[in-house]
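Next up: just one chain, as structure tokens, the form predicted on its own.
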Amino acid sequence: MSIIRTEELTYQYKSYEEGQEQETLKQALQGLSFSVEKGEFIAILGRNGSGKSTLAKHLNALLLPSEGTVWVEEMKTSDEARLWDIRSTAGMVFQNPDNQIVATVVEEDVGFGPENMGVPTEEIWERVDKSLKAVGMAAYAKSAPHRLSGGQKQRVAIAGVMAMKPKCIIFDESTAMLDPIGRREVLRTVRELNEKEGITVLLITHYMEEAALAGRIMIMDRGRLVMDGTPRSIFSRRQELEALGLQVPQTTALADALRESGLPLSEGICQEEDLAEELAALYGRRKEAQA
């Protein structure tokens, strides 16, 4: 059953350009129709200006379609009476953490969402503690958010959404401000939320290695959905990706180079473990043939 569904989603905005007397309408999204099943982990890719963030804001009613419809658990995002239910179902983590940090103490900020949802006090603090540990910020529970670095603020923002336990979490370039170690920690937590608790994840990112962790990849270009498939099927189309201004993960690039040199490797390999497994199997077969 789908948790998110769009039908012919189109979004236009007014633009005023220098030298023009009248406003013009520009299309950020053009006729998007897709569905997200409960429990999926989807990465959304696309070059700057492709419409990724605009799409994300439609999925919890921060923006409303100019044309078409968006449903979140069969609730239309245009239904103002269901706005709270929609945003409780689909949580959002933004690129800039300052946009969603509201309290003067870290632990209070993380507990803000659950408190507004009416969660019992004892459970709120359990969720706060668990969420801060998950993003590596437990030591900063009593700190003031404005004293944190940008990456630390982002971890707090992510913990705040995690503490609300929504059915779906939309990450809009949310790891962009984290260092590699912090990014790995957060992604590990995201995968655990998806795999162990069944939370649906939509990860908007420009890191190909992050996208490779998803079960499905959607690629946008100029407001349209141009590719949709598994990581292997998407990353095997390297020339098409490059034409869209995107690169394949480093693991895929290495596997492609090895295959071009003559090794019989599969196309679209994007996980280090998968590449290692194929190389080990190939090495084993060669040793057997030499015996």
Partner chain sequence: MSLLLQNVSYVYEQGTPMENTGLHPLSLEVKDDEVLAVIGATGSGKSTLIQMMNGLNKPSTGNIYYNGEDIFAEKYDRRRLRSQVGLVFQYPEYQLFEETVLKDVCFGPKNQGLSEEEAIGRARRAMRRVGLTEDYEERSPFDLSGGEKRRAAIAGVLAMEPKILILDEPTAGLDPEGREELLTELLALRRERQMGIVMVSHSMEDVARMADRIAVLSHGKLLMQGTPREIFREESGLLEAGLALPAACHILHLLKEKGLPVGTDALSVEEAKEKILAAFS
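Note that the coordinates shown come from a computational prediction; the quantities given were computed from them, not determined experimentally. Residue numbers count along the first chain shown, from 1.
We do not show the form predicted in complex with its partner chain, though everything after this point is about it.
Every residue in the set 176, 245 and 258 has a non-hydrogen atom no more than 4.5 Å from its partner chain in the model of the complex.
Checked against its partner chain in the model of the complex, the residues 82, 216, 165, 206 give one hit for a heavy atom within 4.5 Å, which is 206. Contact check for residue 23: no non-hydrogen atom falls within 4.5 Å of its partner chain in the model of the complex. In the model of the complex, its partner chain sits within 4.5 Å of a heavy atom of residue 48. Heavy atoms of residue 277 reach within 4.5 Å of its partner chain in the model of the complex, making it an interface residue.
Its partner chain is not shown here, but in the model of the complex it comes within 4.5 Å of a heavy atom of residue 184. Judged by heavy atoms within 4.5 Å of its partner chain in the model of the complex, the contact stretch among the candidates 62-70, 29-37, 226-234, 249-257 is 249-257. Taking its partner chain as it sits in the model of the complex, the stretch 74-112 comes within 4.5 angstroms of it through a non-hydrogen atom at just one residue, 95.
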